[in-house]
Each structure stands twice: as structure tokens, then as C-alpha cells.
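Here you'll find one protein chain in two forms, each presented separately as C-alpha cells under the names structure 1 and structure 2.
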Structure 1
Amino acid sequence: MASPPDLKSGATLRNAFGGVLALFIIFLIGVLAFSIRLFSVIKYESVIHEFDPYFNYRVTQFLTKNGIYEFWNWFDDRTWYPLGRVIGGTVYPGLTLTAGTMWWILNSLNIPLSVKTVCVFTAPIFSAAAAWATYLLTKEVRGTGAGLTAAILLAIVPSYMSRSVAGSYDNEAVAIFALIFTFFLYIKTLNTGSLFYATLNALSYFYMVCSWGGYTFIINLIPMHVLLCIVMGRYSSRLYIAYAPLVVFGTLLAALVPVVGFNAVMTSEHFASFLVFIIIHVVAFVSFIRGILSPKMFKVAITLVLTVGIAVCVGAIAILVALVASSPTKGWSGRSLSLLDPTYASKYIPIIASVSEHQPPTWPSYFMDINVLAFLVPAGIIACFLPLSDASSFVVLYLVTSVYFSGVMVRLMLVLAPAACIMSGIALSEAFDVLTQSVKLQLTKLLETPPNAGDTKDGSSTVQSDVVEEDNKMIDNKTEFVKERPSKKSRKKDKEIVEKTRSKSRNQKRLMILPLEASSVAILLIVVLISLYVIHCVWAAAEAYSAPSIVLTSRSQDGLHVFDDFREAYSWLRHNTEVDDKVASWWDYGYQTTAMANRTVIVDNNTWNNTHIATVGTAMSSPEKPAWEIFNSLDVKYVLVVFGGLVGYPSDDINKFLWMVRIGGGVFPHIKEPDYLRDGQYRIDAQATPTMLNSLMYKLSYYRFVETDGKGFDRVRKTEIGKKHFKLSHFEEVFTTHHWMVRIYKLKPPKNRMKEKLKKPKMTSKPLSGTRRDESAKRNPWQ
């Protein structure tokens, strides 16, 4: 029989080995998260993806070349001509500063990587950091096993990979890590009551504010959880320490970010945090005076406190209502209102509704982005209630709110992904605990039971003792992550709670012992389920999300076809136009045109000026001559349109045209959507309306299209075009890419009106000169 010191040393060695193994697994999870996102580089090349990342890349180039002070004061005259844009005060600088710092450190260490290479691999690096942050957060909620499982799930979840593959240099690349890490520090502070972690939490929130506009999700979710804890009677000093410093220091730091500024205290997105801040102070004061006053005096004091508190709250609410009422949008931004009211954007702000990632997701989108996790999440919710703690209630609240927001806007599936992984990790960990313990106990019973039947009681007592031993281990593991600083009064209550939990869990444990066959089959089914999830994730990383939108591919019987038309068009603009030439296109292609062609654009993806975008939309919707006049007034030299009718590219300008009509009509009432529809249907064939067939977008897209096949068959709309043979009078085609995906036209110069009038009269030179002087005298208002 082993002595107690031997048992203690064995347990210590086992714990040390477990810790080292956990660290090794965490490291492998980081490697997995990084490597699975490299398919885009392996299959294609090291290139920036999508549209917004090109602007971020251009800003990072400027930062590394000119320094931080020039970056804050940079006025970009190549965008939003003739208005321009103040870059330092209109961007979230977290991503740019992070990549710029990484580039500076690497070059200081004599590792000469280009800015482009650093930008391409920033997202995979931070995806590994996000997986580690998920481990820390889930460990605080449910222990090490659940943390490791959740980290593995997040490392390969398709929803997160869609914005973090190599080359996806967007704000979400670093913002999801900041989101998860902020939640971890909040839960850590809630469990420990440490002011050190509370300070780190405020700093992490500051980094999130610098990185993404989605920081408002944090500053509303945490107050909701604090209010929930207060209502449930779970207020403690730890809750106060976790929340109060975050509101004070976090708001002060957020106001330092130029793009946020005073919005941190003046917009409705932040008012909930201030209201809960007042409530928690009232509750804290009541809790304080309860401990120092007698019950009789406490009733008197509580009456006074409630009276004063209600008066203060009413006054604060009145001030907030007055501030909110003075704003036409009630203090909310357009995107926030579209989240609270999914129909708001389609009614009042079509520019927001026109973005594909702002559309509600379909049910297959959930299966595509989180796959089998959708079926594991309910089990994780149940596990969080057994037992319910402050940390587990926060995770449940996080899941519920993220499910709602993801249902409103498909882009916010990113916010749902960590919550789904955490819940699924908890569910899988609890399931494996129950099943493996059942197998262990049943195998122990089979091995230790003697052949004679008279010793069944000994066997059952052995199983029961194993149950108690396993139950003690489970209680120790589950209480390991709840490290509190209890007061003297609450120590006795905590001991009673632990004893009740032990006795209750023992009874539950006896009930949860499953037969050996059932446990083995259940483990096998879970392994198969996880294997299917891994296969789906690898496919999504390799096929669905690895292709950059700047380079397109398609497979047919002839093999793989590569469409590099976008870079072909931007290269032509860069080498065949003047540096000061202005290029007009729909706002989707503004960032790419500025970054890759280095030419001035009229509108871009920032979409901050709806009137300017509506002007371009009106020009595209107008006949050729009025469109030429609009573009000429903006000093436009070239017009770029994207056309997919020849190769079947569905995301072309013809499919986006109705949004141009709606946005233009929202500012210029003479543009009316019904004029472009035939019996409520959008058509480009012979049944299309004359307004549609004479619009500039139709002409620039289908000019000479009939020459490709003799019929003018559009492979996207699956029909022959209505107007096949026509000429352009105010625009001339200067370049069309190999697959006709990008077409560039040049505005013809205005005709010399004097020469036209000179051709009509046939007169001698004397009357001609006299007539010219008389007409010029009549037209000149200054003579």
C-alpha cells in the first residue's frame, strides 16, 4: 500500500505531465490554425484578397514609408474626388498599426520581408492567437479539457476561416482575437476579482476599439451580463471590479481613437454601459450599508438611497432622451439600426442593404459555416446550466445574442463562430468525460469481479468507490478554474455549496454510468462526427475560401481555367493613362483601382458620402448624353464596368444595377426603379423597358457583345440581350480584358460648337467675320 507522500508526489508528477502535454497540444493547435489557412498561397500566390484589404494594404504601405505622424495627418486626394478623405481620422488603425509594427520588428531583426508579405500572413498568425484565446476563455468557464476542444474547433471553423485565410487583410483578422481575449479577461477578472486583470481587460478593449467597429458588441454584451447577474442576485465585489474599471478606463481609451472620438460618450450604442454603471454603483452602495447598519436603520437608509437613486436615474434618462431625440436616427448609426430593425436599411439606407455581406443568411449558410457545431450547441447550453456560474451564464448570453445578430447580417457569423465553438467544446468535453468514465468503471468491474456470484456486492462497492473517486476528481477539476477571494462571511456558505454539489453530483454520477456497449458506440459516433467536421473544414479552407476575388478560377471538361482580368485591367490603367486621370466605377472597385492602378477614383468602398455614390449611380442609370455630362462635371476621364455575361461571372455590374438605381433615386427623384422593370421583373432581353435599354450601364456592358457569338447570349442572365446593335456617341471603348470581365471606356471630348455652326452658312469672309463677332457678342455676358 502506497504512503500518502508517494500519492502526493505521484499526483504532482501526473499534473506536471498533464500541463506539459496541454502546452504541447496548444502549440499544435496554433500550428494547425496557421497552416490550414495557407491553401490560398499554395494554390494561387501570395496576393491580397477581396476589396477592403487593398485599402488596408495601401494604408500600411504609407505608414511604413512615412511614419506614424504622417499617417495620422494623411489627406488622401486620390479618393472621393473632388472631396478627398482624411485617412487618419476615418479608419480603425488597429490592423494597420499591428502589421506595421510586425514589419518594423522583423526588419529590425534583419529579416527583410516586404510589407505585402507581412500583410498576407497577418490573418493566419492572429487566427492562431484567437485559438489560444479561446482555450483560455473556455478553460475559465469549464476547465482544461473543454478549453482544448474549443480551441481545436475554432482553429478550423469555416466561418472564421472565411475572413482569416492568407491574404485576407481585413479588420476582422485581428478583431476576432481581440474580441475573444477581451471576453477572457472579463471572465478572469470575474472569477478572481483581480484589479490587474481588470486593467488588462480595459487595454484589450482599447485594442478592439482600434481594430473594428464591432467593439460596440462588447460594450453592450458585458453590461447585459452584469445586469443579468444583479437581477439573479449574484452581485459580488468581483462583479464590480470586472465591470467598473472597464467602463471608466475603456471609455477614456476609446475616445482617444480618432474615428471614435466623442462618439464613445455621445451615441446610443454606448448608453447601456453607462446606465448599468449607475445601477451597479447603487447596488454596491446598498450592499455596503447593509453590512454596517442594523436592520431597522437599513430600512430607513434603503428608502433614502432608492429615492435619491431613482431621482438620479430619472434625471439621467431624461438627459439621454433629450440627446437622443435631437438626432434624426435617435443617436444610432445606420448599421446599428439595421441590426435592431432588419428592415431599416432596405427602407431608408439602400447603400447598406446593397452590400452582400449585410444580407440575412440562409439556413444552408449555418451548415456551411459552423457545420455540425449547430447540433452540438444545444448540448453545450445544457451543460452550462449544470451548475450555472457567472462565467457560464456569460457564455450562454454571448451565444444567444450572437445567434440573433448572425441571423440579421451574414457578416456577423464571425461573431457567432467563437460562441458556437465554446459551447461545442463544452458539450464534447462533458460527453467524453461521462463516456470514458463509464467505460473505465465498467471495464474495472469486469476485470475485478470474481467468477462466483456471491461477490457481486464487493464488485458493486468497488464501482461505487470508483464513482466517488472519479466524482471527487471531477469536482476538483470544475472548481479549479473558479478562483475567488471570498469574504469571511461567505466561506461557510461556499463550503456548504461544495458539499451539496459533491453529494448531488455523486447521485448524478451513479445515474450517468452507461453500459459498456452503449458507451463504446457513443464514443465511436462522436469520433465519426468530429471526423466529418474536420473533412468539411479542410474542404472549405482548400476550395471555398482560398480563392482570391482578384483572381478567379473555374473547372470544366477542358480543365482548370484562370481569369485574371481584374489585374489585367488595373495594369492597363496604370501604364496607359495619365497619373492625374480620374476613373469612375461603382464603389465596389474603388479600393482596388486606387491601390493597384494608382489612379484617382470618384467613390470607393468607404461609402461615407451617400450623395456622391448616388451621383455615380444616377450617371450609370441615365442615357448616354446626361451620363456624359455628369461624369464630365466630375472631371472623369475613364469609366470602368465589370461584365460577366461572356464567362458567366454573376457578381457583375448588371446584377448590381438595380442598387445603383435605388441609391441614385434616393437622392435624385427623377430616377425611378419601376422605369427599369417590366411588370415588376428585371429584364435585359427584348422585353426590357426602353429606359433600361438606353441606360449607360446597359450600353457599356453590352457594346459589341453580339460580336462574340452572333446572338448576344448572356450566360449569367441565361437569355439573349434585347438591344444588340448600337453605337456609342459620347464614349469610346479603349480596353476590354481577355474574358470581357472588365471593360474600360474613355469620355469623348466635347465637340467644337463653333466649327459646327461654321459649316452651315456658305457666305463670304466679310459677312462671316461680322456674324461671328455678333454671335460672340451676344453670348458673352461680360461684354
Structure 2
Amino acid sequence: MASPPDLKSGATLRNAFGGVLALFIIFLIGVLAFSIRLFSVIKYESVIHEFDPYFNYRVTQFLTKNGIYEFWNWFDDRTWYPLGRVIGGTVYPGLTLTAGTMWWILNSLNIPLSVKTVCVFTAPIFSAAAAWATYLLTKEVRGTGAGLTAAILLAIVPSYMSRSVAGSYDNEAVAIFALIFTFFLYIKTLNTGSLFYATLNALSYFYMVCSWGGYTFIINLIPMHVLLCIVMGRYSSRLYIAYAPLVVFGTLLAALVPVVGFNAVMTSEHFASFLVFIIIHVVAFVSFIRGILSPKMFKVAITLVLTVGIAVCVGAIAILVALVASSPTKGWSGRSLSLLDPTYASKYIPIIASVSEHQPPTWPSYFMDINVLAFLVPAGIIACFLPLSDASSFVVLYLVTSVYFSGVMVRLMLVLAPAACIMSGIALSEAFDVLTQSVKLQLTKLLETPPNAGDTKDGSSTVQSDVVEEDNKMIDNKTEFVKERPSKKSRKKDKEIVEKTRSKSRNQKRLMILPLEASSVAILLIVVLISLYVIHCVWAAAEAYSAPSIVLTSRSQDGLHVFDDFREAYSWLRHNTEVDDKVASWWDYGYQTTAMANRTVIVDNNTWNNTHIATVGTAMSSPEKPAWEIFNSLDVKYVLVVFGGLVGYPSDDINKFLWMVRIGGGVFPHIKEPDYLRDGQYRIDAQATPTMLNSLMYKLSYYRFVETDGKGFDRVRKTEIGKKHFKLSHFEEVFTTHHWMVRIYKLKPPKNRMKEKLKKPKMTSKPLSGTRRDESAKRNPWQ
């Protein structure tokens, strides 16, 4: 304490330096988040991935071509034939508008990028933004050091990477950024009590509503936190400012998005926020009265108000219950219900259960997706409780709820990932804080310098080591995460030293001292742990999550094989069929067919009409003739099936076939699942049931399959097929791709012979025989 002014100027200099360094690190984190997601472009090519992104891509193309007003009114007649779909009113427009705006800005700057390029790189750009948002959020909760750590962890967390590699142009890519940023602004408002941030918070929430159906998570989590704060007796006027405007603004803004509309005030997902809105007003009023009254009078007031208040509350709850009961959707939508009751979907809605990402996750998938973070999270929770603030209680609540939701659906692991990163960031930062501090103190003791001078000197030496480490980082990108952590911690520690009075900080430091050996070993171990995480993340980015699933590769002794069958088939359709031909396939391939082949499809991945999907499922599971009749009644010209038996591609239509049977049977009871199973087992070999062997899906998949190897050995099911030699009477094969992965069949025209001609008038008036007329009426409601 020799010269306080000197110390002060040194500290400000150090702070300024730390600020610049932090900024630089944040920038590097953004670069890292962006570049680690480019594996898919480097290893494959710049393509849109999977299924839903193709739809988003098509919508973006429409938007950039026709403008925003056309987009809102877009009725798409190339899908769900003959119903069509109102795209503008049924799509979350956030992603499309974002990419469209980006494209428009680039083009007006005379940077002629194609829409596809913009779409491919939207997700990496937004994951960099998400990492920055994580930094801001964690900084608001626990200081800069924890913020930087959490940002790095999030930049490379595999769970988020799986949804945001280049080309994965899906809602989640921008929605996670919006989610974290909304949470950040909420915490910021809570900490500062500024109306300005409250407005920004509402606007950010609006962006989230635009982007993803997961916005209901926010509008339920924030009320939960508010309620928690009130129950814990932490009510403050800042809480009121953070919450009450958000509800009003949020409801209004959500109602502006066409796909949400009046649902924002009509469905039960949003009612929790209104209830808490009422509660917080009651609490605010009570605390106001408490403020202006003397304690004695307040007691009197409370007894009076309680009697009246309870009556009012009961009344309000009664009204609310009545509202819920009378709301047109009868409360909750199917997807939300399946969140609250994990078995709901599999019991009632096969179409939700049939999607693999709606299944509950397995334990390995936790390890795969968040890796070592799973072990660090509990430590982070403990760190959040010392001391507990409004912000840290929010983060804990976020973690707990997202752990529950991730346990219900694999897909929601994505929501867990940021929470896990924040928690682990806090835990790591705290751990390094304690360890480096004790190492530093003991080193000064070893050097036998006077403690007062030692502190400042040591501070500057840490800054120097920061510079050295920064250089290392520039050279070696991969060890970056490992190395910069200690430097960040020391910077945070510097800040703390400045903030606290010196005697107090020295006391605390003495308390936190660990033996030198133990702490250095612990630092080493943590560094090893984090490098394991980094290695795992890079591996996941490079190998596991970069496959576009539209182009497949496999490695064998004689080199790399590329299976480009999907694009081959779609371009065949595009070039060899009429523009208005209808193509039937299982709904998984609907988006791709409309986007890549530009042909009308019967059903697609939007799955809004269960009956329509069930019709296609029924056709696929029926014998050839009834299937032909169903398809013919839908004006279908071509049927497309995906078959992996030749090359061993496991997610083909035969493996999905049971879902077709289930979904079809759910609407048309003459399709019964047991008919397709032999003793409860699904098989396609000689033991298979005759219904199975005669179903259209079996025939279209295995037609002429025996000609490939003479035995008909299916490499996915690892058996020889049951029925090898058969002919098709109502369909003809028009195209099969190189590896037989996609097979396209054409419906034969009705027979032209005399016998059929006599029958034909009868056929048109009554499409099916009398006994099945009811079913046919049900099957084709538009006829």
C-alpha cells in the first residue's frame, strides 16, 4: 500500500489491457465457432443438408425472387396435392427473413452471392453470434472470465454443432442465438432495471417467436423464474421492470407473427405468463403499500387485504380455469403435451413418435452431445449458489428445466447445450480462479518478495504471460482453448483485486490457498480434461455431424465411395417428367422432391394433415391394385421409394415401413400392424407374412433385386429376401439410381382392353367394390 495513486493507474492500465484482450479473444471465439462448422463444406461440398433445410431454402428462394408481400400471401400448390399449403401463414419466418435480408444487403453492396451460398453459411454465422451472446449472458451472471469460458465451450459444443454446421439451414440455427440473447437481455434488464433493455428484450423475444416454436420455452421459463424470485422473497422493482413490460410487449409481438396469431392469448402455453403477470402486480402493489405505511398499520392492512385478496384470487383462478376449459384448442397442443407427459406422443400421435429426433435420448447421446460438460455442470450449480443472485438463480432454473426437456426429446438437447456450457464455464472459471490464485501467492512466497510489491509485480507478470499465451494462440489454433483459460482467470482475478479493498482480498486469498503441488496438479488435470473435450468436439465436427445426408460416403479397402443417388434421382425427375406430374413418396422426401425436382408431392415433412399422410401410408402398405387405385385417385404419376438393401443404407423405406403401417392403420382400420409381423417380429425373409410380401412397399423395393447377385441378399436386414421373382402389374420401373438407393416407378395407365372397358364406367362411378365403398369414401374425401 505504498503509493495508492500509482497502483490505481497501474490497475486501470491493466483493466484496459484486459478489455482489449477480452475483445480479441471474443473475436477469435467467433472465428472459431464459424470455422469449425465448415468441415461439411470442405469434406463434401457447399450443399443444403437433410430434409427441412431444403424447404427453408425453397422458401428463401421464393422470398428473394418475389418479395416480402408475395411471401406472406404465398399459397403453395406444389405440395400436399390436392390441398396445397398456405406457406406464409404456417411457417416460422425468422430464418427465411434473416437469410433473405442478408442476401439482399450483400446484393445491394454488389456482392453477387447466390441465395444458396447465403443459406449454407447462415448457420455458422449465427453460431458465432450465439457464442457472443453466451459471453454476454455469462458475463452478466458471473463476470468476464466465466463469460469467455462459456463462450468457448458453446462455440464448439457438439450438440449445437449438430444443428448448425454449414448447410444445415434450419430454424434452430438462428433460434439458439435468439434464445440466448433473449435470456441475456432479460438478465441485463433484471440487473439494471432499465426500460431500454426491457424494450430490447421484447424485440429479441419477437425475433425468437419468428424463428422457432421453442419460444414457448422462454415464455414459460421467465415466469417460472419470476415466481421463484417472489417465493424466495427476492422481489424487487427491477424484477417488475424486467417482467411486466415483457409480457405485454411479448404477447402483442407474438400475435403479429402469422403462425402464432391469436394463439398468443388463446393457448395454455402462454397462460403461465399471464398468471404470473397478475401475481407480480399483486406483489408490487403490496410492496408499494408497505413502503408508504408504518409497519404497525401495514399489519392491519395485511389482515384486511388477505381476507379480500384471497377471495379475489379464488375468483381470478376460477375465471382462468374457465378460460382454459373454453379455449378453442382445449388447452395444450400435442407437441407440448408430449413434453409434459413423455409417453403421450407414442400413445396417441404416431406421426410425432415416428420422427427419430422426437424420441427420448439414450445415455451415450448425452456423452456424445455435451461430453465432459455433463460432469462439470454440477460444479457449476454449486458455484451458482455461492452467492445466489437473481441472475444465477435464473441460470440454475434454465439448466434444470432444460435437463428435463432434453430427457423427453433428443431434439431438445439443443436447449440444454447452452445451459450446460454456461454452468461449466462458471465452474471452470471458479476452479481456475482458486487454483491460479493459490499458485500465484505461493510463488510470490517462494520468491521471497515483500507481499505488497509482489502483488502488483505479479499482476504485471501475468499480463506478460498473457501476451505470450496470446502469441501461442495465434500460432497454434487448436491448443487455444487450453491455453487461454489460465490467462482469462488471472485477468478476472486482477479485476477482483482492483475491486476489493486490499486487506479484505488478502484475507480471502488466505482462506482459498491450496498447497502449491495440489493446485498445479489440479490445473494440469483440468487442462487435460478440457483438451479431451476439444478433441472430442473437433472429431464430432469433422466426422459425426458434417454429413449432409443427401450425399453419402463410405470408406472401404478400395477407397472412398460416394453415393450421390438422391440428387441423381431428383434430377432425373426434373428432366424427364412433366412439370405438373405428381410424385408420391413417404413424407420424409417431400421437401427434397419439391425443392430439388420441382415436382408436386402428395405429402411432405410439414405433416400438418395426418389423414393425408395416412392415405399414402395405406397405399404403401396395400397390395398393388388398391394401392394403384389410391394413387390414381390422387393423380399420382410417379412413386418414389428409397431402398438401401444393395449398399446397406439403413434409413430406407423398408425400415420406416412399420411407421407407414401404424400411421395408415391409425386412420384406415383395415390396415393392421400384426398382419405385417411374424410372431411380433418384423422380417422380410421367407418367414415374412403374405401381407408383408404383397405390400406395395415390399414389391417396389425388391423388384428385380434378385438380378443383382442372384440371391437377393439384403445388406441392411442381413437376410435373403422372402419373395424373389415377381412381376409388377400396375406399376412399371422407370428409373433406378446407380446404387439402387432411389427407385422411381410410373403408374401404368388403366388397361385399354375390351374387358376393362366394360368395367370402366363402373369403375369411375364407384371406384371400389361395394364392400369397401365406405373405406374408399373415407380414403378419398375430395372425390
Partner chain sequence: MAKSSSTDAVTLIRSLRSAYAATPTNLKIIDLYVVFAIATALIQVVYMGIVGSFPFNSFLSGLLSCVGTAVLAVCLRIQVNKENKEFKDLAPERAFADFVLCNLVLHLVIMNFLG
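One-based numbering along structure 1's sequence throughout. Think of the rigid core as the biggest set of C-alphas that the two forms share within 1.5 Å after superposition. Quick caveat: nothing in here was measured; it's all calculated off a predicted structure.
Assignment of forms: the chain in structure 1 is the form predicted alone, the chain in structure 2 is not. Core-aligned CA deviation for residue 296 between structure 1 and structure 2: 2 Å or greater.
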